[in-house]
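Next up: a single chain in structure tokens, the form predicted on its own.
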Amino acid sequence: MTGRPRATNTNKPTGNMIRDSALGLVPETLGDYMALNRKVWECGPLTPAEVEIARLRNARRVNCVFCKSVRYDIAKADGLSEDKVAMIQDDFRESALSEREKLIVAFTDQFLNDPSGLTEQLKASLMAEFTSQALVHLSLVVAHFSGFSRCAVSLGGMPDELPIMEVSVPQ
């Protein structure tokens, strides 16, 4: 897919996939990133399954092979199944996702495509379903995951596909 990596961590492996990735080349920022990542998962009004829906939709749109193959254990424990993950496709509006989940996918798409272009209908639906705090959290979730998945894609070296793997929120 992306050919040879443009940045490779040649340090001794730690067993932590984030620290062992190219991100580990900047340890001065990695700890803060990992702390922010944990807060995004654990400290907002969205549930872990809702965060994962937005993260996976972003991964699909950005085409981050790694991000598409990862499933966070915290989201699975919150009830996110592979059947539900399979519904986070372009035809999500006709899927069995709940209306709230469909709005998360629609908002993620809009945020990634044209964040200022929300239709009046989408705005009204979002405001009817989510608190202001939840909408801010959703915005931060999408911005966070979009930034880091785009970083991974731009650094290159990803295979064409990976198996589905379960991971924990990095410490």
Partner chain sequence: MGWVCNGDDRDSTIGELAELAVPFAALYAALWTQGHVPAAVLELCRLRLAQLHRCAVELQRHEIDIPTEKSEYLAHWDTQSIFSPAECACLAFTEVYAMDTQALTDQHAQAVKTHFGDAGLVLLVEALGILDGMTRLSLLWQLPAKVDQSPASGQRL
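Numbering follows the first chain given and starts at 1. Everything numeric in this text was worked out from a predicted model, so none of it was measured.
From this point on, the text means the form predicted in complex with the partner chain, which you will not see here.
Checked against the partner chain in the model of the complex, the residues V70, L103, L118, A49 give one hit for a heavy atom within 4.5 Å, which is L118. Using a 4.5 Å cutoff between non-hydrogen atoms, R150 counts as a contact of the partner chain in the model of the complex. A residue is said to contact a partner when one of its heavy atoms sits within 4.5 Å of a partner heavy atom; S154 meets this definition for the partner chain in the model of the complex. Among heavy atoms of L25, some come within 4.5 Å of the partner chain in the model of the complex. In the model of the complex, the partner chain sits beyond 4.5 Å of every heavy atom of F66. Counting a residue when any of its non-hydrogen atoms is within 4.5 Å of the partner chain in the model of the complex, the hits in 126-153 run L126, M127, S132, Q133, L135, V136, H137, S139, L140, A143, G147, R150, C151, V153.
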